[in-house]
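Consider the single chain below, provided in structure tokens and representing the form predicted on its own.
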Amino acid sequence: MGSESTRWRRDEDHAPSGVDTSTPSPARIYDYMIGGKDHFAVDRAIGDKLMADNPLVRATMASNRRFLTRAVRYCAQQGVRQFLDIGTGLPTADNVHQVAARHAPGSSVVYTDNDPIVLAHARALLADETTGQGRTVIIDADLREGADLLRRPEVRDVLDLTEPVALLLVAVLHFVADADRPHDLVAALLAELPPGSHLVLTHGTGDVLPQEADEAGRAYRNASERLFLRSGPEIARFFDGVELVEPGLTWTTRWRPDPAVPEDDLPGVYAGVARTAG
């Protein structure tokens, strides 16, 4: 990441224009929990509360990130060369475009987020990098736009929707309230994608640690996005109409683990990858 973005780190006095440093941000909380540097005091306070309530939460979030790397690699191995990462969060090691470039040079990636600091950092990163791949952009967009997001010119300019796309919804749907009809949003997005596309999804749950889940929900009460953990059956509904690949819907640590990177079994975040028919 470039020197300009580095100057913003941990310093409320040098936050990018438009960034609210008084309200916790899920993207910045997540960044803090996985060892990043792009967060402020309000974010660290939530992260510390989460870790005090559940000592495994930091490892669980790191496992979520490792799952994303494996899932992108898997999609590339299936011949997918286009990736749409909605609610991407702050850049860190092994970003989607970097993983895709390693396994499928020439891949194109569209990142979306609605957090100003995510947009600023990602644009700085992409401006500094020479990836040797297809086009990679980030746009200011929200999952709640549903299929309209796919119709935006800046998306259509990069992604060819006659060819397979990997739709990445990683740790984002649990910030969408039931009132916003998240299952319908996912179904509408999938309906626009061609055969051979893939859905990559993770979602937090309170199935195993309900008390800790309740505490997490309360911790996010004053964040820019509330937390809505769902049960396994509710999460499984996001895969209606698509075919889950092995091992199905499971914990992030159990989804095609890398033997070279052993990790403990960590319940709390469901993960799955599915393929559209055709």
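Please read these numbers as outputs of a predicted model, since none were measured by experiment. Just count from 1 along the sequence shown to find any residue number.
Just so you know, the form predicted in complex with a small molecule exists too; it's not on screen, but the next bit is about it.
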inquiry  = Please tell me whether any heavy atom belonging to Asn64 falls inside 4.5 Å of a heavy atom of the small molecule, as the geometry stands in the predicted complex.
reply    = yes
ask   = Looking at the partner-bound form in the predicted complex, is Ala171 within 4.5 Å of the small molecule by any heavy atom?
value = yes
ask   = Closest heavy atom of Glu154 to the small molecule in the predicted complex, within 4.5 Å or not?
value = no
Arg144: touches the small molecule in the predicted complex, heavy atom cutoff 4.5 angstroms = yes
note = Per contact check vs the small molecule in the predicted complex (non-hydrogen atom within 4.5 angstroms), the hit among 109 to 117, 204 to 212, 155 to 163, 75 to 83 is 109 to 117
request  = Quick one: from Ala216, Ile235, Val242, Leu68, grab the residue that has a heavy atom within 4.5 Å of the small molecule in the predicted complex.
outcome  = Leu68
